[in-house]
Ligand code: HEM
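Shown here is one chain on its own, the form predicted on its own, set out as structure tokens.
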């Protein structure tokens, strides 16, 4: 069939070419395909919307507990020797543990819970647009897309403004460790990973200690003093893991959604005019941004037993890569799937995952994206590319790392 598995999973290939939509379109017409590559674990490519939903709904057959990314050969060898590859968080848990740990913070992220953050979210969105000035050129990743969710998440997690740049650097190194521009330089890869986790630990441990001594009405205090249903307190490592997953998953996915939104509106200026003329489309525009950009490109599952799926014999221990970005362009589900349509309805996208691993922070992400889209539509009169976009070398959380834009604001 002529598809190179590295196009589907190699961080370098994503940095060079972005998401492989042409290959996914071909794969959606075929049964599940198994790929072996020169430097990554072999995997089954799951590309159809219905298959992603089905496999996500069967944790007894397809587990998260063996990690969520397809490992490099080096990482796989270290795991086989018993060395940890990453800190275990709720994403790497199966039932019943996953449900128990998820309940610790799920109440904070309900629609009603997020309403109390409206002022923080809207102030952040307004501030980042204010800082652009009346007109000029800027990298919309560095100056807008990463600043907005950074401020929102830092506020609810108790991170002081002077720590934000350090935290931004740490999360970039954690989630884009294959990108030479973003990863920590001058150290052995494993030593760098250990040092990175220690930096996170030192930052968050200080906050945890403070919130235990002086609790406030914020998420940081809720996590620092969290207990399970039986009254047992959340352990220190588990608490740190919660901080890490909420910040890193929440920031990078929202940042790439926002960057993808700017890129989509740059390429489809009629949709920006449409949103400006009809603000009631904001809600559906948010959903279309998440579908179209699909910043969480895939997640891994591991077969817990021998199983026949889609006519294919999947052996216990084999890996499946669920490509959400492909499912979001499935022709059997979405009419004109490659078209950016802010009024799309229905929009049954998989941008926040599916089943029990549906994104815990989806409501906060929606609120953050909506606030910035509202500012963009009402205040930016015109914008155009000021240079080519450059993509992060990552196949897990994907999108541009640089997006140069020339812009002009309305003269209100």
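The structure displayed is predicted, hence computed values, not measured ones. Residue numbers count along the first chain shown, from 1.
We do not show the form predicted in complex with protoporphyrin IX containing FE, though everything after this point is about it.
> Counting only non-hydrogen atoms, which stretch in 230-238, 120-128, 311-319, 249-257 is within 4.5 Å of protoporphyrin IX containing FE in the model of the complex?
Replying inline: Heavy-atom contact with the partner occurs in 249-257.
>> in the model of the complex, is there a heavy atom of protoporphyrin IX containing FE that lies within 4.5 Å of any heavy atom of residue 64, even though the partner is absent here?
In response: Flag for residue 64 set to yes.
> Is residue 211 close enough to touch protoporphyrin IX containing FE in the model of the complex, meaning at least one heavy atom pair within 4.5 Å?
Replying inline: Answer no; every heavy atom of residue 211 is more than 4.5 Å from protoporphyrin IX containing FE in the model of the complex.
>> Against protoporphyrin IX containing FE in the model of the complex, would residue 102 count as a contact residue? Criterion: heavy atoms within 4.5 Å.
In response: The answer is yes: residue 102 has a heavy atom within 4.5 Å of protoporphyrin IX containing FE.
> Does any heavy atom of residue 151 come within 4.5 Å of a heavy atom of protoporphyrin IX containing FE in the model of the complex?
Replying inline: Because no heavy atom of residue 151 falls inside 4.5 Å of protoporphyrin IX containing FE in the model of the complex, the answer is no.
>> Please identify the residue among 170, 203, 281, 299 with any heavy atom within 4.5 Å of protoporphyrin IX containing FE in the model of the complex.
In response: Exactly one listed residue reaches within 4.5 Å, namely 299.
> Out of 359, 380, 32, 69, which one falls within 4.5 Å of protoporphyrin IX containing FE in the model of the complex, going by heavy atoms?
Replying inline: Exactly one listed residue reaches within 4.5 Å, namely 359.
> Looking at protoporphyrin IX containing FE in the model of the complex, is some heavy atom of each of 91, 353 and 369 within 4.5 Å of it?
Replying inline: Heavy-atom distance to protoporphyrin IX containing FE in the model of the complex: all three under 4.5 Å.
> Along 363-389, which positions have a non-hydrogen atom within 4.5 Å of protoporphyrin IX containing FE in the model of the complex?
Replying inline: Read in sequence order, the residues that approach protoporphyrin IX containing FE (within 4.5 Å, in the model of the complex) are 364, 365, 369.
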